[in-house]
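In structure tokens, one chain follows: the form predicted on its own.
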């Protein structure tokens, strides 16, 4: 088990590696957004640049810069 600990990442470490990269965010209520992850905090509140709202994989709205509250997030895919 100790050999695997070097590969274990904390969620915030993974977000840190995804900073300035495109991410896909799924929220409660089945809403999806994608954009460039600019920053985040300990509550996993996110700031996305060039954000777009998606429905069935298609862009429905271009939003620009948005703040997404961490307690609404179901998953983040880098």
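Only a predicted model underlies this, so the values are computations on that prediction, with no experimental measurement involved. Positions refer to the first chain, counted from 1.
Beyond what is shown, the protein has a form predicted together with a further copy of the same chain; the following relates to that form.
With a 4.5 Å cutoff on heavy atoms, residue 9 counts as touching a further copy of the same chain in the predicted complex. The shortest heavy atom separation between residue 70 and a further copy of the same chain in the predicted complex is within 4.5 Å. Proximity of residue 14 to a further copy of the same chain in the predicted complex falls within the 4.5 Å heavy atom cutoff.
Within 4.5 Å of any heavy atom of a further copy of the same chain in the predicted complex lies no heavy atom of residue 36. Interface residues of 11-47, taken as those with a heavy atom within 4.5 Å of a further copy of the same chain in the predicted complex (partner not displayed): 11, 12, 13, 14, 15, 16, 17, 19, 24, 26, 27, 28, 30, 31, 32, 33, 34, 39, 40, 41, 42, 43, 44, 45, 46, 47, in sequence order.
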